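Next come structure tokens for two forms of one protein chain, structure 1 first, structure 2 second.
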Structure 1
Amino acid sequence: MPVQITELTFLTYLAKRFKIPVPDYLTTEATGAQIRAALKRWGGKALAKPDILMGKRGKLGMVKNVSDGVDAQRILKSVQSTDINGIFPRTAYLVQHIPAEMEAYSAITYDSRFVGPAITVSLAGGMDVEDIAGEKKITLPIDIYKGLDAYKVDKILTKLECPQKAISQLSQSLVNLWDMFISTGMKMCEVNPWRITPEGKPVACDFKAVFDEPNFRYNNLDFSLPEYPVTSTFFEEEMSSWSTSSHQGQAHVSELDGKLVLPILFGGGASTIIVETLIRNGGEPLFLSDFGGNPTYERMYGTAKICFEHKLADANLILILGGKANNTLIDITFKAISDALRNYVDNHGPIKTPVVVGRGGPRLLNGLLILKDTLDSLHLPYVIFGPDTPVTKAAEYAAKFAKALKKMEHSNES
């Protein structure tokens, strides 16, 4: 999962520090008296928003207008406890309504065309950037060493025909936004919209950002990212925490909604192809996995163990498949998988799950023979392919095999 934050974290920790003008706000901890006082201060208008990792909150009807102190508490609670597509907000908060003459859009991200950061600005704020017509938005590269200066932003805003009274303050705010972006190790941040007051003052009225996990600045943030209600499963959580415990070989899984094939897949490229082939052929993979990167024995053993403990009971076929590895040692990885499978059988009793295998790479035959011996000793049916069988053909075969097993199970039940 990308490490991201939304408006409330921005309001709490970042806006003030980087001098980015934002609306005043209150959290659910505020008392009735505080809310009433704030509403009075804010001209009687506010918005109740859920703190949730999801875009388009306004369009989804998740943002409510508040104008009354009593209603405010009720609406806040209602917003906080309403799920959107099964996902609950972390909390809710109240923000000051900012009267505005116009809205602007801004985003800073790394852009593949410039191989560096770039800023996109538009005066059509409040819309999705992709819905904004090309001539109404400007994207300019930012020199990663020099950064963004107010003159450059000034030029963009002038070109966009921004009203003169807003240019200076908005320019400064966008420069501050860049300072925050680069000094906190973000890879994307978006303010949408900036509401520009009749006096020309820009106020950042919604925000989202994604941090770049490998960036040391992100790792040195002086605050912890809030924990949102878990949308990932226990299996994904456990694998994710196992994955971050070491940089030797990746261990990545994402749950899919399949019910047949347990895929232990290698290589980012091959694993995607294989899962797509399984899905296309009705193999119903239980999850997407990518376990390449020349894992050590311990790494692979732990990874396979987590997969088996969580998913083997639900699967009717195990697929161990990857392309022709360049540097992943097949005997090490297959020995680890074999041991994890033995361990599973030791702890849970015998299984009958057939295993389809396909692999190529260094020390291949040793690896295949280790796995074959294990499958023989566990009395598991197996079909083992070498690198001369394309991964997609092996995946097609596994999908058909799993479907046939499912059919057999049904006919046995009936």
Structure 2
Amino acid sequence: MPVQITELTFLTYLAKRFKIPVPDYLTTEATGAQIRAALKRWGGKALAKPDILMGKRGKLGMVKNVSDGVDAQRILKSVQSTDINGIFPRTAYLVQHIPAEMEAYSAITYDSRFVGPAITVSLAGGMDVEDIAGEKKITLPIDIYKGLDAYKVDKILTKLECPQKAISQLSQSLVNLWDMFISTGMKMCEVNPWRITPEGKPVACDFKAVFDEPNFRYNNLDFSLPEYPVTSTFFEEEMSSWSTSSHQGQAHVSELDGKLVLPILFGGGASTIIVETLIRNGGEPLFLSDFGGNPTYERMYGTAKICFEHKLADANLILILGGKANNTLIDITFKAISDALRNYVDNHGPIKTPVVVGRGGPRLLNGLLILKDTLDSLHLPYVIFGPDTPVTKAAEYAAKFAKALKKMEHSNES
């Protein structure tokens, strides 16, 4: 699992250090008197939030409005002890409600399109980035040596028609966000939303980040990351047990919140880039996977079988994708995936799920012919990319294909 932090860790250790404006907050250790005093300072409005490694807390109904000191302690305890899709929060906390005239979105990540870091900014704060129209967000590559300066951010905000009174302070806050990103060894961080007060002051009102474990800056953090309750899904547990049954071939999965693409991925770092590309383009992958390491037929067949049994019914597209392999035999892996797919259809009946394929490596042609014969016999539509197509392009195509299918399904339902 990637090393992640949420808003509470950001509030506790990083925001003040990097001069990023944030709401006041209290943890569950606060006394009733402290909570009542805080609510008085905050104008009688606060939000109770769970500290949990999960997005979309608000949409799940787990962010509660608080306006009374007595109710606040009860609500905090309720939020802290609530099972959210099989996962329990580490704790809960109370944050000041920030009155705002507008909201903004920002994210910094390593972007394969620029072979380096990039910042994305939008004035459509509060929305999922994949739902923000292209003309309403701007992505700018960041020179790793020169960094990000306020002048560049100023130009982005001006182009997005940000109110003049907010530009200067928001620009400086985004520069400070970059300083935090590069100084702590992050590979992704997101503020969504920034709430902009009537005076034009930006306040970071939610935050998440992922660290790059090999980065020496991450290993030199001067604080310890909190431990969260570990709750694996049945799918993850079965795949983990299967993974330990053999030393040849990887079988690693990590559940995501997606509902569209079932990803059978190969290649370690390539797998991460593929999933990031899917997410950025609205592909909603069901899980993160890495199935490389030259698996045997039996290994790959068992891996694909577990994925299909648990996830194929929920997917509207199968993506079989990886970089150009050095040792993995493509015909062996594709034969195993083909047989696992046939087995699923034999047991569950015909399916109509399209398949997008992209791969390179030893015995590729034989592998593609085996897979093609299977998809033709199962009457499944497919698109195959050759070894010269970048994995990001194939993943972007798959994401847009899956989104289009979803839109068609909704149109047919209505």
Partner chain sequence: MRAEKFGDLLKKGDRVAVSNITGREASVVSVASQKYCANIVGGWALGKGGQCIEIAGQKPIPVFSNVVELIDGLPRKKHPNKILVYSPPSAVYGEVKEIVEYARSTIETLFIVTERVSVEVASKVFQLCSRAGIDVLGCNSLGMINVHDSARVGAVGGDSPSESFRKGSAAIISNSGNMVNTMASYLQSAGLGISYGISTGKDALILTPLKSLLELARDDERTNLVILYVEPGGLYEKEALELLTNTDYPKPVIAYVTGEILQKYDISLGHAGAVVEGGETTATAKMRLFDDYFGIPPFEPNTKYKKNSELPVALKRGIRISSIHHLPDAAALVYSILGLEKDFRPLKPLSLNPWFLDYKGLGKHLPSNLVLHQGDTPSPYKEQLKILNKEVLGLSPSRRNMRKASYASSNDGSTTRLYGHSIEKQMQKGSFVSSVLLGWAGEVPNDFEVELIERCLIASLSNGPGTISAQASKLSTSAGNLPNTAMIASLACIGDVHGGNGRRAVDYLIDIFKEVGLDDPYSSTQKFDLKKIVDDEVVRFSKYRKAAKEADADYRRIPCLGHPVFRNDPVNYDPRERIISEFLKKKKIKNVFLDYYHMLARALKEAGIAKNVWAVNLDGAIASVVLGIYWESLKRKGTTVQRVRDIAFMVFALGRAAGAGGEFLDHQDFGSPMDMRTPVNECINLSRAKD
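Numbers follow structure 1, counted from its first residue as 1. Here the rigid core means the biggest group of C-alpha atoms that line up within 1.5 Å when the two forms are laid on top of each other. Computed from a prediction, not measured in an experiment: that's the story for all the values here.
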| property | result |
| --- | --- |
| Selected structure - criterion: the form predicted alone | 2 |
| Cα displacement of residue 17 between the two structures reaching 2 Å, rigid core superposed | no |
| Core fit, then residue 121 C-alpha moves 2 Å or more between the two structures | no |
| After fitting the core, residue 100 CA displacement of 2 Å or more between the two structures | no |
| Inter-form CA displacement between the two structures at residue 326 - rigid core frame, Å | 6.9 |
| Angstrom displacement of the CA atom of residue 374 between the two structures, core fixed | 36.2 |
